[in-house]
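This document starts with two versions of one protein chain, written out as structure tokens and named structure 1 and structure 2.
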Structure 1
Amino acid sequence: MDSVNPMKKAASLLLLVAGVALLGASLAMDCMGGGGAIYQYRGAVLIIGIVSFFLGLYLFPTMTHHRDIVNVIFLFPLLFTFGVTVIIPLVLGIFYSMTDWTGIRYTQFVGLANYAQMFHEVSFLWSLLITVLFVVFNMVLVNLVGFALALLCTSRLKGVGFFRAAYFLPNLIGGIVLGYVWQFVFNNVLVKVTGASLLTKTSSAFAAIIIVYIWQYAGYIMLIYVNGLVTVPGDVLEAAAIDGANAFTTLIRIKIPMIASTITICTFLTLTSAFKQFDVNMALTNGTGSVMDFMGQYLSNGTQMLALNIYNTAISKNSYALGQAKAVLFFVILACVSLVQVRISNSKEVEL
């Protein structure tokens, strides 16, 4: 049975050749466009080609590589999807950032000119600056609020289940809807208290975005902290209580050290998600707000964070290539943050 079967070999080669031929034919038809009745079946031809290629590959008479071939066949759907949805857009994006792409077509290769231009753009530097500020504020505030809510929700209050659900609920509402709802609240309801709408001044509008963001995100972080807190072993807490530790000491000396890994996770979650803040920012202020003097210029994008700046550069200012260059920088920043996060999480796990 293990000897090479000539029939099988022939079948395998036939299928391989037919598969490649059908693949090529369907792709050629697709590129060259219309003509012929078979044209509208090019999709089916493509699929038959792929199937017969893999069938041929599977039947290929080899003992040494058979396992590898099966592995590749099983991995193929995932690799293909990953390539089409992640790798190809990334490579294309980097390429487009070095051209004068308009979103429709490009006429020339401009090298790093877009990258040079974006660092000369004062409004972009401002966006970078306030994004970092926003991230710092949120990392601290969301975690504090989330942790406080988690403590509340793990205490022996009545109706804790209700509160958990209630605090988590804002997270289930989309950011755009949230942004418009809060815009209405700030412009029509709170204005009775604050005099002028919070959204009209850059500093208060920035604070408004932070408030909405905390409202949206603290419930989510709370749930993670709740999970962490319930894993603190009861016997340790009991021992602490017998030793006479009060609630505060228990919190500082027992609970927080016990959930250190949860804190790391939450910190990075808030960090990356705050960096990517887009929808609330867009719906609430759309980046408006004035800065009277920043590096000698008046700026009209006072609350425009990085993601929104990229979007507006590409879409509303119609500079797709420049926006793409900014997006590449954005990717690099986020990739660095994620790498650091993975490093730290791994080392923490070893400690535990």
Structure 2
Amino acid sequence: MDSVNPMKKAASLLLLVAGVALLGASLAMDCMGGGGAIYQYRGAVLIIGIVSFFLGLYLFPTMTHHRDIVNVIFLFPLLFTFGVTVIIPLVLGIFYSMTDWTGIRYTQFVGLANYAQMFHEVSFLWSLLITVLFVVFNMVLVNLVGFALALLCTSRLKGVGFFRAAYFLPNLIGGIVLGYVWQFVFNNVLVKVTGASLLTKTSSAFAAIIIVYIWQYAGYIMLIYVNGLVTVPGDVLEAAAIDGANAFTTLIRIKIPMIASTITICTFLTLTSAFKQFDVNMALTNGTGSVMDFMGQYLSNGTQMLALNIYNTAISKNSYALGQAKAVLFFVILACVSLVQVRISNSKEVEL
């Protein structure tokens, strides 16, 4: 430690000790509970303890590590929030998935029993299958529609600003509202026009969910593609035109390679968003639909995708431990697929 002012050193140590003591006292009061008057101040004691600890850390007399200390202090709110909202729930979720958790308490540790039960549940396997199909269809279709709209909105047509706003507008509507609106369209308007609804059969109902999702999300992806297309240098496009390149050649040889990073972002967003589809699925079909024979069983959840299946398992069936096990698997699948997709997209960017 460098030469320092003894008074400053004593003050910083006092604040550090007081902060640790107050933090310990607040945690002790929280664990012991009680209805006394002193217990109502445990929140204030906790805050004062945190402030005292970091103030003492900031005043700690060292020139060598002072910058590191300041960096830690400024990063602490973000790291604390991330830990409380992401890391701790993730760890607790993994633990609860290995117990008989009821949503309030657990009585015993069951190991991998919930995971074994999950893979023996045919309806869950069906939900996993149609979720993968939904992701594949939408990852392709949403990007194609969004890119086509972006080309239209970066052309020289009049009223481009209006079209951009109009195409993006569906993304501002909540998924629950959107699902009920389109349910009315399919069950009333479409029936009067064509005499049939897309929601009467499982296959057509699944197609209806895809249509609604594309209608909702393509405008958002369009804006990202628009941002990428407008960054393509104009002199490069002019040089291509002088060399005799037509619009299709310019698109394939120049625009698409130069917005490879934008394509990576849009592919990643559509991939993760489609995997997490829940609100439109619940509002539009609520997962219903007949499957006459899947792995030798009749299913009534023909359009129930993975997120809705997890919700129904935990909330409707009151099987929180099993639902948590499915959620953990859902997280693992999503993380692995996202990492693979980003790795492949980055390698394609290098090639382009």
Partner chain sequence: MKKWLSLLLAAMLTLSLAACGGGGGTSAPADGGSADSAAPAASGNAIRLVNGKIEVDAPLKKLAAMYKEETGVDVSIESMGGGIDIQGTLKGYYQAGNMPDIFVNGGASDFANWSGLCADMSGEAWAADTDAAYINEDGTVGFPYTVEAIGLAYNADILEKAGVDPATLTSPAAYEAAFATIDGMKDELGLTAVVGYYTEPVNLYWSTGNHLFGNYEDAGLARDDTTYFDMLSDGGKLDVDRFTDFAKFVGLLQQYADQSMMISGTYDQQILNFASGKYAFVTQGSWIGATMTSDDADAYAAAGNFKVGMAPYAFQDGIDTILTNSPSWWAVYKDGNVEGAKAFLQWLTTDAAQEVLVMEAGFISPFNSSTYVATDPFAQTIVDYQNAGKTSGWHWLGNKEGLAQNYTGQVFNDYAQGNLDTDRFVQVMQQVCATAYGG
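Residue numbering: sequential along structure 1, first residue numbered 1. This one's a predicted model, so the numbers in the text were calculated from it and none came from an experiment. For the two forms, the rigid core is made up of the largest set of C-alpha atoms that agree within 1.5 Å on superposition.
The first of the two structures is the form predicted together with its partner chain.
Relative to the larger rigid part, the smaller one has turned by 9° between the two structures, according to C-alpha superposition. Superposing the rigid core and comparing between the two structures gives a CA shift of 4.5 Å at L23.
Core-superposed comparison between the two structures: I104 shows a Cα shift of 3.5 Å.
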